[in-house]
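One chain comes next, on its own, written as structure tokens: the form predicted on its own.
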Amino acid sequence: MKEFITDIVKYLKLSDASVREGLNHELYVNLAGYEFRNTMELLSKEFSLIAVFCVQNFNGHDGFTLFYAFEQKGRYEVVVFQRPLSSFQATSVADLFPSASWYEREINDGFGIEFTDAFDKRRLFLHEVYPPDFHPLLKAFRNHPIETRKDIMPEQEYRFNEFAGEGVYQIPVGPVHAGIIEPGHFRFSVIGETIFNLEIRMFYKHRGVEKLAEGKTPLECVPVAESISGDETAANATAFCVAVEKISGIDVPPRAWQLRTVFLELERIYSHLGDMAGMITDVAYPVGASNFYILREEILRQNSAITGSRFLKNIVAIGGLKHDVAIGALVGLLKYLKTFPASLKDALDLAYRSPWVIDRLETTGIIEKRLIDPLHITGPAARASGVDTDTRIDHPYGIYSHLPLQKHVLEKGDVMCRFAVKAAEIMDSVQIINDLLIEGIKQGEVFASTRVRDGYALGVVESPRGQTMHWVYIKNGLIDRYKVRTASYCNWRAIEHAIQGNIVPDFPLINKSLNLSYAGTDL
């Protein structure tokens, strides 16, 4: 880390005093206003933007501080740039980092800070019904009822990008869908059946998760983290707990980390199985999909047997686990996993032997490699497009640095590649769990006594969908600011590009190949 600090100071032409080491591979840099633009331009050449967020009254500063979190390409320390603001205005960096656009719109909604030169100033999570002066992340706002607008005038409606020309027409889909899923609006611009533009609008069920956390103890916030996205319970709970454990210097017992790893990989297995089943369903092959659904259901039952919850809730805790896992349940899981690879192979063989499955999956929904970094696309979507990123390897947490992990990277970036990457990762997860269970989960405690300290830190984990980030700021023993950015938040933007040149009936298939979380996007 010391070498990295020296390199950063030299590369960005900063003073040593403005750079300080954070917790566990984090670096914090204070930026003056006159340094900001030049520094951001330099960063755009070698660093990836992973998040932008705002904190009010941070560390004694009476006002707003913008945080820009980066990771360097080829080196995996996380650098967080702090920029104090003296007003409700800031400079946009979306021209340098396209992924910043949503973050800036989110900060404008939450805090009322205007990014004066932003190319897109539309609302993001506060839709038209909210009053214009409503900014719920301000400290002055308390959870009192607000009066929403009942009559929305045409000029107040959300403006989608408009395309006109001979033969061009729009297909609006959603926000209410023909299934038990959350709302999201998809506006297609098409000529015939060929799509040449898609614009996504989310945030129809904003829950105020980050505001809900304010003023709670870290212990009270674990269920909040678990509820961010129902099928990423273990990943989000672990990311939150990792951040708090870093702040407080808590050493999680080895047995607890081994069991956490089992839970995280089980979550990856059942999530990927659901995605693969959905892809096969959406090419009208329910017989082939049924095998993947059966395997997913069996994994969910194993989850219930070892934790008491099909979706691994109420088990991960700050300091380890809330309770131990019975040895009989672990033996039962090991016994089940012995039969699992053969069953998965049978399911895959049935899918791969179907010409119409291959025909629909290959060359469909290509995410080009050049888009991965600007949009900060992560997880299987990135690896299927030729980018070897995996937080478990790049930023190892827990015991992952001791596991024989590999990155499954394919180049074409289509639905077929995403299907194949997920299949390979399932087998890796099975092997990880098998190795842990066969070698024996270490005996001992599963919970370290905790005394939460004040401070701030990042928890970054690899969820089934990709990199998930939780930043926690504890002041006077309570959560003062909690920022969450799931993989879905970034990866939704990939669909807008993947769909171009495809036909309308391919959209469900492309969508399912990423299977992103609405709830995990709209906090």
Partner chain sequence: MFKQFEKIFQPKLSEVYKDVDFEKLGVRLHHSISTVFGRSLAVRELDSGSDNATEIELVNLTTPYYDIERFGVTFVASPRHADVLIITGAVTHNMEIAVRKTYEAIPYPKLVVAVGDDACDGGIWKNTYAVNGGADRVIPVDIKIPGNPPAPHEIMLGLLALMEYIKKKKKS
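Since we're looking at a predicted model, the values are computed, not measured. Positions refer to the first chain, counted from 1.
What comes next is about the form predicted in complex with the partner chain, which does not appear here.
Scanning F88, F119, Y204, F160 against the partner chain in the model of the complex with a 4.5 Å heavy atom cut-off leaves one residue, Y204. For the options I438, A164, I181, I327, the residue carrying a heavy atom within 4.5 angstroms of the partner chain in the model of the complex is I181. Stretch-level contact check against the partner chain in the model of the complex with heavy atoms at 4.5 Å: of 448-456, 317-325, 122-130, 415-423, the positive one is 122-130.
Taken together, the three residues H376, R493 and N502 all stay farther than 4.5 Å from the partner chain in the model of the complex, as judged by their closest heavy atom. Put simply, D231 is close to the partner chain in the model of the complex: some heavy atom of it is within 4.5 Å. Remark: Y169 does not count among the residues lining the partner chain in the model of the complex, judged by a heavy atom distance of 4.5 Å or less. A residue is said to contact a partner when one of its heavy atoms sits within 4.5 Å of a partner heavy atom; Y400 fails this definition for the partner chain in the model of the complex, lying far away.
Taking the partner from the other structure, the partner chain in the model of the complex has no heavy atom within 4.5 Å of any heavy atom of T194. Taking the partner chain as positioned in the model of the complex, none of the residues of 51-71 brings a heavy atom within 4.5 Å of it.
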